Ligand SMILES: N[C@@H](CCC(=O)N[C@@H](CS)C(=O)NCC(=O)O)C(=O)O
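One chain is shown next in structure tokens, namely the form predicted on its own.
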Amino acid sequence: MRARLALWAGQQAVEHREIVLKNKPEAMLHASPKGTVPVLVLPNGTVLEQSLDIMQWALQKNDPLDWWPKDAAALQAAHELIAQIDGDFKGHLDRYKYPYRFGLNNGLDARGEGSHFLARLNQQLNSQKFLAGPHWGYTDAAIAPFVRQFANTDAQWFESQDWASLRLWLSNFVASPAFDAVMQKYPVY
């Protein structure tokens, strides 16, 4: 989702192909033998296989919404926060959402661990409207899809937490034109 968000924000025209990972097409495996999504094949043949690489490519080509961090310090701060999401938080999210895949009876311990990170995001959002600063940006787009997954795993529990700023931030994301644009369904390739 975050790659799609940056492609949308950067107004990059791409041929979108929806993949069923249990039935990966040969063309995808030829382009990216690792067999995971997203994969973006550029006109010059370069293959981008990581969502953050796709985001960077799209936003550095065109950034009309001013999503890309303004300086090296802001980019470093963004990458540090995103790394926490991609690392420990994503591990907790997976165990919370799919405990049986990890031999767990439930994902409650993982939910508790992940909630520490969400509480820190809420605290940051108490002092600024967006994770990227004064307006929605790269950091928000890179993190929001994972917070949304966490929230949707048990929406009633998420809504009961004392995270008013985080809930508002997530609610605004889900109501945004960007979210609508990237949630379109495509025929399976």
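Quick note: we count residues from 1 along the sequence shown, nothing fancier. Quantities reported herein were computed from a predicted structural model and do not represent experimental measurements.
Not on display, but discussed next: the form predicted in complex with this ligand.
- For the residues 27, 65, 47, 37, the 4.5 Å heavy atom test against this ligand in the predicted complex is passed only by 37.
- For this ligand in the predicted complex, the listed stretch (18-26, 163-171, 176-184, 5-13) containing residues with heavy atoms inside 4.5 Å is 18-26.
- In the predicted complex, no heavy atom of residue 122 sits within 4.5 Å of this ligand.
- This ligand in the predicted complex is not approached by residue 32, whose heavy atoms all lie more than 4.5 angstroms from it.
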